[in-house]
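What follows is a single chain, given as structure tokens, in the form predicted on its own.
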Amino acid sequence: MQNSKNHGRNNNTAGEEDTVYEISQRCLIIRLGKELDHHNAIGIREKADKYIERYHVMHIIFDFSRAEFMDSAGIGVVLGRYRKVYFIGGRIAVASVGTVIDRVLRLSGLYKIVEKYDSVEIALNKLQKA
């Protein structure tokens, strides 16, 4: 990835340590671990919000390539980050979504406001050209 800064792992609580945050220009890439649920949603939300403010993030990509489970708290994380960037003209994308997560996103209605891509690289390319 060009102009990418890998900001490492989040070691706050169980479940969060698998989440990795990267910045590429004004795009935040959140590489999720196996689960995005009520156990780790608060920590992921807080860390993402710090990156959004610190790096003036415009777009966010959630990488679900390793994710196997997401509950309503995870839906809230995605929706809340959408609200953070929407008012500055930003967009939210999800990438590498498996069948279980795809079903959750579809049933929740998030696909009405979130764009889906096959990979982080494709999403990054599309969002940075917008």
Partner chain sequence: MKEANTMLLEFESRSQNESFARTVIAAFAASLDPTIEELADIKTAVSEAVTNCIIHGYADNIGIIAMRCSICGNELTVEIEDKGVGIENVEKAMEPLYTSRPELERSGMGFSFMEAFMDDLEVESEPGRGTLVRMKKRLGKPDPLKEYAKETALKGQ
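Because the structure is a prediction, the values reported are computed rather than measured. Residue numbers count along the first chain shown, from 1.
There is another form of the same protein, the form predicted together with the partner chain; it is not shown, and what comes next is about it.
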Answer range among 85-93, 22-30, 57-65, 100-108 for contact with the partner chain, defined in the predicted bound form as heavy atoms within 4.5 Å: 100-108
His38 within 4.5 Å of the partner chain in the predicted bound form, heavy atoms: yes
Close approach of Arg45 to the partner chain in the predicted bound form, 4.5 Å, heavy atom: yes
Partner contact for Ile52 in the predicted bound form: the partner chain, 4.5 angstroms, heavy atom: no
Partner contacts in the predicted bound form for 75-91 (non-hydrogen atom within 4.5 angstroms of the partner chain): Ile75, Gly76, Val77, Gly80, Arg81
